[in-house]
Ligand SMILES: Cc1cc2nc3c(=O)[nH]c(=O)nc-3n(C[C@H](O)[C@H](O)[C@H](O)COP(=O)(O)OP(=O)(O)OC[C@H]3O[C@@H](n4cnc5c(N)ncnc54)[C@H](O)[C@@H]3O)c2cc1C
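Form predicted alone, single chain, as structure tokens, below.
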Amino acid sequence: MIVIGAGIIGLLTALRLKQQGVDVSILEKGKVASEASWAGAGILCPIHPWLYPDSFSELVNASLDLYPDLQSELDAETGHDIQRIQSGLLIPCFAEDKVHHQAAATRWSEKFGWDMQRLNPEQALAVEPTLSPNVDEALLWPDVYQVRNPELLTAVLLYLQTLDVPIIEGSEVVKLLEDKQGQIIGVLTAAGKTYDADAVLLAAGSWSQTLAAQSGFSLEVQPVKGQIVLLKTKPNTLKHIIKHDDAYFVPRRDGRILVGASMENVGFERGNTKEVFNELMAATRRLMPGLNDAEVEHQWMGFRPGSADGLPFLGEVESKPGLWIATGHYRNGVALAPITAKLMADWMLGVQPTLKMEDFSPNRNVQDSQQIGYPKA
């Protein structure tokens, strides 16, 4: 089998296929693990899941349930620490917020079994002194974890190396090969090299739409740019992940704090901008004044593989038998990686999913969503 794309989705799915005895190779147009999977913040919690259909929350819960075993497996096989830690997640609420999430968040947490606490201003400032004293209340999910994306990718890559799974960089797939019956039987790269395959998995993130169009079918995946600023502080300056509509803050074990992330519909326009940096720093001063003296250490950006309805594309393409899709995970790729890899590997080998998958079908009629779809251009 061939996997197109060496992000966390492609890498982990290839690992699961290999573990079931499949001869699998990974083709990557650029460098392995260098795009959205590397750039993301690693929050192991869906972003505002109450805005999504229930099937999405069920998929996320199933994925997060797999993380403890995945962490143990990677540690045992590679000895590499993916830095999965329980930070908890806190949403501070202010009177001037454009959207007030309290009621919807409470209903969702009760429905899907997530422990959520509503904190008054005194309690919020007691657990996070860096918060603005203007906070009205805060919503706290104590059981939320995070993972350090580059370390997760490193561990998966090390494991793939021990299993002798080929990862071929600089190998852009430009065409899907099919037989007279329309069955996918391999791929052609830009260098003119062909690879035969019983099945192909397209997991090329934001670049998936281009290959789909070249191959005669529609796949609505577009890049949504996100810029991140890295602050350097002392360990435990910030104890929880802070998520607000204007910015999020993710504290790493070493004291560094990720501040992110913009939502930009600008195509594949690379680079960090002064405008977004100023917006993120203004949000930091307003929401988290206790971080005002933190040193700005670094900036980076990535392209989330977005979809118009905010949901991933998972499954086989009806018009292209033998072509499977796992892309469009948008803001939830790392959180959804374990279940995506398990589902897709099993499904490609004939095991039908037990979860409801219709909402994620690559053949679905995608409905635009202003709440969780593409940002305005």
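Since the structure is predicted, the reported quantities are computational estimates derived from the model, not experimental observations. Heads up: residue numbers just count along the shown sequence, starting at 1.
The same protein also has a form predicted in complex with this ligand, omitted here; what follows describes it.
- Using a 4.5 angstroms heavy atom cutoff to this ligand in the model of the complex, all of Ala36, Glu172 and Gly302 count as contacting.
- Only one of 313-321, 55-63, 343-351, 330-338 places residue heavy atoms within 4.5 angstroms of this ligand in the model of the complex, namely 330-338.
- Proximity of Asp309 to this ligand in the model of the complex: non-hydrogen atoms within 4.5 Å are absent; the residue sits far from the partner.
- Taking non-hydrogen atoms only, Ala261 approaches this ligand to within 4.5 angstroms in the model of the complex.
- By the criterion of a heavy atom within 4.5 Å, Leu27 is counted among the residues contacting this ligand in the model of the complex.
- Proximity of Pro49 to this ligand in the model of the complex: non-hydrogen atoms within 4.5 Å are absent; the residue sits far from the partner.
- A single residue from the set Leu176, Leu231, Ile242, Ala203 has any heavy atom within 4.5 angstroms of this ligand in the model of the complex; that residue is Ala203.
- When this ligand is considered in the model of the complex, only one residue from Ile257, Leu140, Leu125, Leu211 comes within 4.5 Å through any heavy atom, namely Leu211.
- Residues of 1-25 placing a heavy atom within 4.5 Å of this ligand in the model of the complex, in sequence order: Ile4, Gly5, Ala6, Gly7, Ile8, Ile9, Gly10.
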